[in-house]
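Have a look below at one chain only, the form predicted alone, in structure tokens format.
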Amino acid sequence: MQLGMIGLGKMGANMVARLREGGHTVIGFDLSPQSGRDVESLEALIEALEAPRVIWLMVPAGKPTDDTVERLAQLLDEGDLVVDGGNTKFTDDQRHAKLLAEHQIGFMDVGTSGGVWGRENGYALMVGGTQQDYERLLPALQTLKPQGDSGLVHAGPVGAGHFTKMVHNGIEYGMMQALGEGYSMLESSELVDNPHDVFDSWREGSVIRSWLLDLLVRALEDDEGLCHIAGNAQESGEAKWMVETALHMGIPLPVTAASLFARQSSQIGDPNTMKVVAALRNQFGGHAVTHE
């Protein structure tokens, strides 16, 4: 396939590299001249692509995505397709799809998980959109996904991809919080000599073995006791949206809500629990941590 990629940050740049390694032609654009972009404007990006075009967005949710979609609605032609692979709220997807449909431009939302490891390991992709658009995008999706049968799902119509990613991230919050709380308890115990070894032992045979557990052991190897990581972790939005949406749906989410509140509370403290969460976010997503 030939695609345009808007947004060449940590995720976007790695996705471009994986797509190119898979044989696709990708033309990248970013506002930053230091991004390694191929063109210097949206207009130049569109001019460089053959119609009908596919343009994938990896830009921050909210106004940056709104502004980009509105601009593309004016610049693209009938039959082109816009794919939002960022962390947009699912209700915004429906608004964006409606705007683009007025210009006969297609729209898909793709919840994307994999962080900085995605280029090597592949990305978990949760897709929202029509079956026709899904099949059109499938060659690129198959390149981005991990090897094997899992890692890609057509979750439903427009909005389903980001709704699914929202739930995914809420689950992630709870799992990370549980690991953090467990580590904090082991670290505080007079009975346990080496919490690091305990967590390492759980990587095989245990029912809680997971990639997050592997990443935590890696973080402890890099910084024993997590002494150089500040015990605070930002909340990126998806868990908050999930709790808000669940309130409207009447679905109780005590674990997700508690983990969300813990991250918010971490902004005024420095507990071991949140050091683990901060370390894990850095391991899989490249999110910055504050070193003492």
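All residue numbers are counted from 1 along the displayed sequence. On a predicted model such as this, the values are computed, not experimentally measured, just so you know. Think of the rigid core as the biggest set of C-alphas that the two forms share within 1.5 Å after superposition.
The same protein has a further form, the form predicted together with a further copy of the same chain, not shown here; the description that follows concerns it.
4.5 angstroms heavy atom contact with a further copy of the same chain in the predicted complex for S35: Answer no; every heavy atom of S35 is more than 4.5 Å from a further copy of the same chain in the predicted complex.
Distance check, G28 to a further copy of the same chain in the predicted complex, heavy atom within 4.5 Å: The answer is no: G28 has no heavy atom within 4.5 Å of a further copy of the same chain.
Proximity of S266 to a further copy of the same chain in the predicted complex, heavy atoms at 4.5 Å: Residue-level check for S266: yes, a contact with a further copy of the same chain.
Partner contact for H24 in the predicted complex: a further copy of the same chain, 4.5 angstroms, heavy atom: No, H24 is distant from the partner.
Residue (of L141, L75, V153, L100) lying close to a further copy of the same chain in the predicted complex, criterion heavy atoms within 4.5 Å: None of the others qualify; the residue that does is V153.
Residue among M108, L137, I105, M176 with a heavy atom within 4.5 Å of a further copy of the same chain in the predicted complex: Flagged contact: M176.
Contact segment among 35-43, 66-74, 233-241, 53-61, judged by heavy atoms lying within 4.5 Å of a further copy of the same chain in the predicted complex: Contact-bearing stretch, as computed: 233-241.
Heavy atom contacts to a further copy of the same chain in the predicted complex at 4.5 Å, residues of 19-58 in sequence order: Read in sequence order, no residue approaches a further copy of the same chain (within 4.5 Å, in the predicted complex).
Rigid core fit then A279 CA moved by 2 Å or more between this form and the one not shown: Yes.
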